[in-house]
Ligand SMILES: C[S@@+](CC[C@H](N)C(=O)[O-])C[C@H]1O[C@@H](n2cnc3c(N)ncnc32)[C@H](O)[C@@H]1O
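Just one chain follows, in the form predicted on its own, and it is written as structure tokens.
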């Protein structure tokens, strides 16, 4: 769930990039969606992926308050299914991705996202501090987040900084490939 401080950072980053294509993995209430939408390019598209259809009424209620809600495309699916079929959707290269979905699959999500990113692409990962307990926590989710953090630190194609916002927000600049 995106808290208000993280939401303001999402809005700021989106305004700075003025992306044409945003991909949000994990929608929950839709608050983060609205924050990202604030900086979306004039004719851009924001794709958001949520598997829990019980949240759709809440999202629709929030989104209906935005004059730009017509730029939102919700995908009712698992994050990896959308990533694996992105080219078939014809949605184009992703300028900004916000990852706040399945924590156990976060490394696989990164691997699937990288080839989809534009040459000016950025990825934001939420919860990379895991409630401040990542060093001591055990289990599949904290293990996956530790693996993600190690990858973000060691991959020469990624420039990463973690912001002390919310539960840790890692901002990743995907360096142009080839």
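Numbering follows the first chain given and starts at 1. Here the structure is a predicted model, which is why all the values come from computation and not from measurement.
The same protein also exists as the form predicted together with this ligand; that form is not shown, yet it is the one meant from here on.
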| With this ligand left out of view, which of 144, 134, 116, 55 would have a heavy atom within 4.5 Å of it in the predicted complex? | 55
| query | Between the options 94, 72, 79, 106, which residue brings a heavy atom to within 4.5 Å of this ligand in the predicted complex? | reply | 79
| Okay, which stretch from 64-72, 135-143, 39-47, 24-32 lines this ligand in the predicted complex, with non-hydrogen atoms inside 4.5 Å? | 24-32
| said: Test of understanding: in the predicted complex, would residue 151 fall inside 4.5 Å of this ligand by heavy atoms? | reply: no
| request: Tell me, yes or no, whether residue 83 is in contact with this ligand in the predicted complex, where a contact means a heavy atom of each within 4.5 Å. | output: no
| query | Is residue 175 one of the residues lying within 4.5 Å of this ligand in the predicted complex, judged by heavy atom distances? | reply | no
| query | Quick one: does residue 1 come within 4.5 Å of this ligand in the predicted complex, counting heavy atoms only? | reply | yes
